[in-house]
Each structure stands twice: as structure tokens, then as C-alpha cells.
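Coming up is one lone chain in C-alpha cells, specifically the form predicted on its own.
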């Protein structure tokens, strides 16, 4: 009996237009940010492999260009995470509440 109720609830939630919208938006946004981060990270790795003279350019004293670019890679991960959390806490949470309220 309990399993039938669970299965029915799953079917109702998956058919809910708000759930479909939530899944579509969350997946496309998540993949977009993931691809952006991968491009930044692997771009840096490829520069390390193939653009050593460029990255070895001295910026100040003993600091080469590799350091600020590496810092950019780290900071971009933090910023991208913040962007996702901000959207999750606003738009995605609102859609989740609609799904929960409609399927109580």
C-alpha cells in the first residue's frame, strides 16, 4: 500500500508543470555553469602545457603571469558557485515550494 502511494506521488510530481520547469531550468543552468568552469580550467591547463613563455612573462618582481591567471581560475570557481547558489535560493527554491504545495 505504502509503495503504491509513493509511486503515485512520484508520478504526480513528475507530471507537475512546475517540476518540469524546475528540472529544465536547473539542468540547463547547471550544465552551462559547468561548461564555463571546464573551459576556464582546461584553458588554463592548456596554457600551462602550450604557452609556457607567455605564462612565464614577469608581471612584477618574481611574479609571473601564471599566478594572476591561476588566481582568476580559483576565483571564477567561487563566483560561479555563488551565482548558482543565488539562483537556487531564489528561483529554484520558489519553484520547489510550488511543487511541494501542489502535491501535498
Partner chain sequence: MIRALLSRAAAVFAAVVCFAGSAMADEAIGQTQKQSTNTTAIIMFVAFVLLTLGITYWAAKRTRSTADFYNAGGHITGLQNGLAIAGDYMSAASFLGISALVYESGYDGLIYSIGFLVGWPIIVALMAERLRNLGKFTFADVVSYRLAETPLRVLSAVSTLVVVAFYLIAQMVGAGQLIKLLFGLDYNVAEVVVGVLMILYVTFGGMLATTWVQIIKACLLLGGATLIALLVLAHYGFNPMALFADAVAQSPKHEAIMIPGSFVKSPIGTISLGLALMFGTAGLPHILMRFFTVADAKAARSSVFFATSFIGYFYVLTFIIGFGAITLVATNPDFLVAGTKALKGGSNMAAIWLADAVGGNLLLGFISAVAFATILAVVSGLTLAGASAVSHDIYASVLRKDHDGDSSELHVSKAATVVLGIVAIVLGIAFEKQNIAFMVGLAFAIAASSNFPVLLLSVLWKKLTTRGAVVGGWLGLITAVVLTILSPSIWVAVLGNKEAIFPLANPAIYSMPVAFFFCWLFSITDSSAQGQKDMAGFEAQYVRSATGIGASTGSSH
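Positions refer to the first chain, counted from 1. Being a predicted model, the structure only gives us computed values, none of them experimental.
This protein has a second form, the form predicted in complex with its partner chain, left out of what is shown; the following refers to that one.
When contacts are judged by a 4.5 Å heavy atom cut-off, residue 82 counts as touching its partner chain in the predicted complex. Shown alone here, residue 21 lies farther than 4.5 Å from its partner chain in the predicted complex, counting heavy atoms only.
At the 4.5 Å threshold, heavy atoms of residue 70 reach its partner chain in the predicted complex. At a distance threshold of 4.5 angstroms between non-hydrogen atoms, residue 43 is out of contact with its partner chain in the predicted complex. Of all the residues from 52-75, those having a non-hydrogen atom no more than 4.5 Å from its partner chain in the predicted complex are 52, 55, 56, 60, 62, 63, 64, 66, 67, 70, 71, 73, 74.
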